[in-house]
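Only one chain is shown below, in structure tokens, and it's the form predicted alone.
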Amino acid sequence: MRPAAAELVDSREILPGQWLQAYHAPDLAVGSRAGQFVHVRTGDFSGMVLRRPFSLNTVDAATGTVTIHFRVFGRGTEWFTRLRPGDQIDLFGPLGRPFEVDPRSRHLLLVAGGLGIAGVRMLADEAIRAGRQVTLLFGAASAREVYPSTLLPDEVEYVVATDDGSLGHRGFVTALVPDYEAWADQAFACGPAPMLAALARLAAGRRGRLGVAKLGRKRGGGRTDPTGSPAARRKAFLQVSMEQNMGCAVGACLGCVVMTMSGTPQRVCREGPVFAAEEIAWEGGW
């Protein structure tokens, strides 16, 4: 991670109250991975002291361009909408642990709820470049809040669910997952905590629903990877990107802690934001 100066290239409102901004930040663009985020300093006139965390929405290392997608919520994020091309801001990143894709995986299922699309959007680009097939399931309250398909690679299969049925499937996006769980080698999700908890419950029962037998131990099968390690997360069917409020984003303030199944608190900014779904203690009020 490192501080980086970034120059605004483009800024536009893509959905009501939601903005997509592109910044020229070549130092940051190199080495960033899907699932990571940046911590951004607001201007002095905003009156805000703390930085704001934003997922790396897309990264183009060739042009040195990164994008962030955010919803206006309070004075801090409203300040960003006043920026104009050529204005500079201070970014700190890339931060956090990225998504871990098994090299053998050919079919990736992405699930996003609302602004959670920003957490998985970059993974679609990485997967397409690697020759993988991608299906994105997106959930929103209504058609006016659906992420524009024009902002996705043409190769992505895009399936929408809206709570009110105004576009696509009527109901929660989680209801679409069973139709794809046999096709998918791995699944990756970002969105509201109740959505992630529901997806974790589905993932836990997937093996039984698909009738996958547990076979005898293979040579070397007795080895277990440490929980939370990249290797262990790579083996999980579902990985989730957690959305928590952050103060320092470097692990010092402990303001973004989540509880794990082992009873050990984990910092979203350091051990996350990506976790294997089976690591998280979802019954703890999510």
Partner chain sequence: MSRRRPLPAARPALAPATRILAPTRPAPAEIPAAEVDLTVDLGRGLVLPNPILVASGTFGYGVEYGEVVDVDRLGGICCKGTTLRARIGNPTPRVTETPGGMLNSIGLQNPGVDALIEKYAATWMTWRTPVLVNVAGESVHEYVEVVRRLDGVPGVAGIELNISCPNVGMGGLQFAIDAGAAGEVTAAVRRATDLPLLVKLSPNVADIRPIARAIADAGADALTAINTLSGIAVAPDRRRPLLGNVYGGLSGPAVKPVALRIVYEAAQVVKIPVIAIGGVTELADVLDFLAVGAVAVQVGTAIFADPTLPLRLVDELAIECSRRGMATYRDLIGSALPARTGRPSAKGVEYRP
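Numbering follows the first chain given and starts at 1. Just so you know, these numbers come straight off a predicted model, no measurement behind them.
One more form of this protein, predicted together with the partner chain, exists but is not displayed; see below.
Can you check 56-64, 253-261, 26-34, 230-238 and let me know which stretch has heavy atoms within 4.5 Å of the partner chain in the predicted bound form?
Checking each option against the 4.5 Å cut-off leaves 253-261.
Heavy atom within 4.5 Å of the partner chain in the predicted bound form: which of Leu176, Ala203, Val101, Ile89?
Of the candidates Leu176, Ala203, Val101, Ile89, Leu176 is the one lying within 4.5 Å of the partner chain in the predicted bound form.
If you check His107, Arg144, Arg207, His169 against the partner chain in the predicted bound form, which one has a heavy atom within 4.5 Å?
Of the listed residues, the single hit is His169.
Closest heavy atom of Ala198 to the partner chain in the predicted bound form, within 4.5 Å or not?
Residue-level check for Ala198: yes, a contact with the partner chain.
Interface membership of Met242, the partner chain in the predicted bound form, 4.5 Å heavy atom rule:
Although the partner chain is absent here, Met242 would stay clear of it in the predicted bound form, with no heavy atoms inside 4.5 Å.
Spell out, yes or no, whether the shortest heavy atom distance between Pro265 and the partner chain in the predicted bound form is within 4.5 Å.
The answer is yes: Pro265 has a heavy atom within 4.5 Å of the partner chain.
How about Gly113: is it within 4.5 Å of the partner chain in the predicted bound form, going by heavy atoms?
Flag for Gly113 set to yes.
At 4.5 Å, heavy atom to heavy atom, what parts of 114-144 sit next to the partner chain in the predicted bound form? List them in sequence order, or say none.
Residues within 4.5 Å: Gly114, Thr135, Gly139, Ala140, Ala141.
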